[in-house]
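Only one chain is shown below, in structure tokens, and it's the form predicted on its own.
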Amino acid sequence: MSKSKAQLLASLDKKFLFQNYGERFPVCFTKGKNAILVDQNNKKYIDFLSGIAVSSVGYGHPAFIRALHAQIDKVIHTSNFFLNKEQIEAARLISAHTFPGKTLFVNSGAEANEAAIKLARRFGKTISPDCFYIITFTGSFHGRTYGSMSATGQDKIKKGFEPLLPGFIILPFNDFETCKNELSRNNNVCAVMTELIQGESGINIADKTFIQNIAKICKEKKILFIIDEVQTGVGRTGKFCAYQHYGIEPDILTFAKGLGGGVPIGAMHARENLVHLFEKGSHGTTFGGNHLACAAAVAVMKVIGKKNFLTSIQKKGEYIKERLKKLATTVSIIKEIRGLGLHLGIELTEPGTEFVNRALAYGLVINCTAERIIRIMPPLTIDMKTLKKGMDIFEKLFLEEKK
């Protein structure tokens, strides 16, 4: 985008919009194809962010676009007072990819987590009036609505919004002994809720033994185990859900981001024995699971469900890791590489914002979170030629820094 166009848009942005996202990059994307984005000046960018793990099937995927156009031609929204075959099919596919249960559709990850919190507390109330505590972990991010924000284990997210929703116990991530001790002394915990890869705090991966022990103790004590798959679900890690890497059986899953491929949707999926707790009128949302959003989700899951698709994500992730490991032997700024599938983080020894800016200038979209963590999360459908070209640019950034 030319400077004048960028300046005009920036001034209009400041005039009409809240500035809660800070200073936006001076780029306005106008179209995309596969894993390539194009701005108003027709400059092309390789997308290694996919709208923060949202554009799971990239841009212009034929089956996805056909499904959306077909649905728009029929009906976009009616009401949850009526049957919705797209919603039914989306729920069926979630069960098929995870475990038998029932799904509640909402509009975002925060809403999905709010629903999970409400369901967990309803469950706790069947045990005792005081059984409403939910254990979450430091570094977690579950959303910015009051329940999900209160569950989040990051003080910066909560600053200035007190008083928060009570009843959350935030414990150290990957520390099972502390969690076990809490559950031993507190009989009023109804659920444990966690991400398996903490995205917003820097691609922090849950230890396998930690998660398996939590799953075991939850089962023993009849406590619900909630897995937040908002950023990791729908193929991002090389399996449909991240929990499938851990050999566990959660009670509740939450989804959003990649589920709709860019169309806003969220979902809570729970085991059958919990469904009766949400009786008529206990929870709902006007837009949740409308025809268009669910048609998008069905199209995405059909792509994800194709033979060898998940395996291809794992292979692409390993390719990126191998190149990053080789790069790390050449430059000292890379401290650690971590992640699964196409959900990767590179921890630097210094702030990473400048790398994001330079990458954008070279035509590569990346992201920095937690100040020093560069995230790589391209569309799951990215082809190897584009992936290699993107990694060439990425390496160039760091090799230039070395000079």
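Since the structure is predicted, the reported quantities are computational estimates derived from the model, not experimental observations. Residue numbers run from 1 along the displayed sequence.
This protein has a second form, the form predicted together with a small molecule, left out of what is shown; the following refers to that one.
Proximity to the small molecule in the predicted bound form, taken as heavy atoms within 4.5 Å, picks out 228-236 from the listed stretches 131-139, 94-102, 282-290, 228-236. Checked against the small molecule in the predicted bound form, the candidates Ile203, Ala120, Ala110, Val106 yield a single residue with a heavy atom inside 4.5 Å, and that residue is Ala110. Heavy atoms of His269 never reach within 4.5 Å of the small molecule in the predicted bound form, leaving it off the interface. The small molecule in the predicted bound form is approached by Glu195, whose closest heavy atom lies within 4.5 angstroms of it. In the predicted bound form, none of the heavy atoms of Gly260 sits within 4.5 Å of a heavy atom of the small molecule.
Under a 4.5 angstroms non-hydrogen atom cutoff, the small molecule in the predicted bound form has Gly143 among its neighbouring residues.
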